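Take a look at this single chain, the form predicted alone, given in structure tokens.
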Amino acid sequence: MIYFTELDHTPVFDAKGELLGHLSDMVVDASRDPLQVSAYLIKTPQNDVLSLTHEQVQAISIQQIQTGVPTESVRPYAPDEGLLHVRKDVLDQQIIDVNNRKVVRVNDVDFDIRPTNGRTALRILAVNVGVAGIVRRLFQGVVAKRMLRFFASMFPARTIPWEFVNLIEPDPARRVKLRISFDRLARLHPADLADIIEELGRDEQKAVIESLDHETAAHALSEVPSELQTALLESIPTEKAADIVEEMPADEAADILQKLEPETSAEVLADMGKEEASDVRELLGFEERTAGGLMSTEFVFVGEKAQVEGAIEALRNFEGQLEAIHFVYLIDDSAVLTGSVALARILAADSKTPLSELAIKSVIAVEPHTDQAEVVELFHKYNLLTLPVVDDKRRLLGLVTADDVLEVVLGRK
């Protein structure tokens, strides 16, 4: 094991033993090997920067780096945005610790040092985010390297294996070149992902949202404060924003679009699919802080003469979020709400049982203009999970869910 802080500014000598300069950075070529240090950048006494390939390195220690070639064989460094630089891109940068679901700052980088075909090669093992790395940074150049290593070993070492590190690169083109993806982030719970996003700076937040698939980005945005939702959607290309909003339930999409600048909201709606945009436009017609403004148009309904097997078939064909469904609603030929059946009763009944025999006939419902404070009171009074929203003829328009009410109580809507 050897650390970047131990090698930083280490003298580099050519094959004749003459000083080339001092190590200033290390380079990784992700397109070839994401772990192998492919080149070493050397700052000469004349302040030029040379690039020493890993094949040209003969031996590496905390005291010196020895090359196997003369000075004239070492080429000047040609900047390449497709390469990862340890000092510039990793050290002191915020990264995402996927395992522990949080944002941390890199204090040092750990390398595996090993002989390879008569040369010494370095491979990245982990990033150091603990006190030991801070100690090595603070006393670098002040205390002898061997003494500093002993001193730092007295403090707890906190490292994140390189394979669990998610670097954050704001430049989309460079993310592609460096092969940075956020696939592992997509496997996190949306609430954990939202916490991570909130810890980042605005450029880094934008980078993460742009890199996530549309569904994951939608779930994550649903969990962050509304101010951040609008800021992020307004910062990314409209087409990407539309793809993300399409993946949200219509009521959440409408809430977000109401908070965007009118011009941006119109552009996002124009880029959305016709069906999704139509559902959202319908909800945008209702005033905020009313039942209509809170409701979702995603619900399961069947005709009032249907049997249990019909309800099960409707559930199978439902394209919304099943976890938010607690009841199947019964409507007559005019779409008038006539009853509701709890899912538990449907699952326990025979497939040929008429739903009307299982239904609650006197369903509590409100009209779209009902103030959200009254909606909250009804949820509390009757211990509701959902509250149907109907028009003046009691035709079913949508549902307010317990999640919507919780958002109101917490002041998020």
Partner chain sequence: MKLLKSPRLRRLRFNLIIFMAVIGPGIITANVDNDAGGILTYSQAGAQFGFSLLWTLVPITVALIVVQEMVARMGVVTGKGLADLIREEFGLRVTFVLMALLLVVDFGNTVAEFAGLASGMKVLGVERDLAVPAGAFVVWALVVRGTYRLVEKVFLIACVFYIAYPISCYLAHPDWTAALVRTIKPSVQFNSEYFVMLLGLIGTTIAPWMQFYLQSAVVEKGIKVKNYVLSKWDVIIGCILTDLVAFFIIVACAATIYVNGHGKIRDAGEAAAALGPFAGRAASWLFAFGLVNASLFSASILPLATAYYVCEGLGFESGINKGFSEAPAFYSLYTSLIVLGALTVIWLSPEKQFPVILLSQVANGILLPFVLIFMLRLINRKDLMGEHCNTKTFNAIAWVTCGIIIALTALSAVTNLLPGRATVSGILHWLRWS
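Residue numbers count along the first chain shown, from 1. This is a predicted model, so every value here is computed, not measured.
Keep in mind the form predicted together with the partner chain is missing from the figure; the text below concerns it.
Contact annotation for Tyr77: none of its heavy atoms lies within 4.5 Å of the partner chain in the model of the complex. Interface membership of Arg316, defined by any non-hydrogen atom within 4.5 Å of the partner chain in the model of the complex, is ruled out. Contact annotation: Glu198 falls within 4.5 Å of the partner chain in the model of the complex, judged by heavy atom distances. Using a 4.5 Å cutoff between non-hydrogen atoms, Asp183 does not count as a contact of the partner chain in the model of the complex. Just one listed stretch, out of 88-96, 118-126, 242-250, 296-304, contacts the partner chain in the model of the complex at the 4.5 Å heavy atom level, and that stretch is 88-96. Contact check at 4.5 Å (heavy atoms) against the partner chain in the model of the complex: none of Arg179, Thr216 and Asp333 pass. Contact annotation: of the candidates Arg149, Lys206, Arg137, Arg174, the single residue with a non-hydrogen atom within 4.5 angstroms of the partner chain in the model of the complex is Arg137. A heavy atom within 4.5 Å of the partner chain in the model of the complex is found for exactly one of Pro156, Pro161, Gly285, Gly273: Gly285.
In sequence order, Leu257, Gln258, Lys259, Leu260, Glu261, Pro262, Glu263 are the residues of 242-276 having a heavy atom within 4.5 Å of the partner chain in the model of the complex; the partner itself is omitted from this view.
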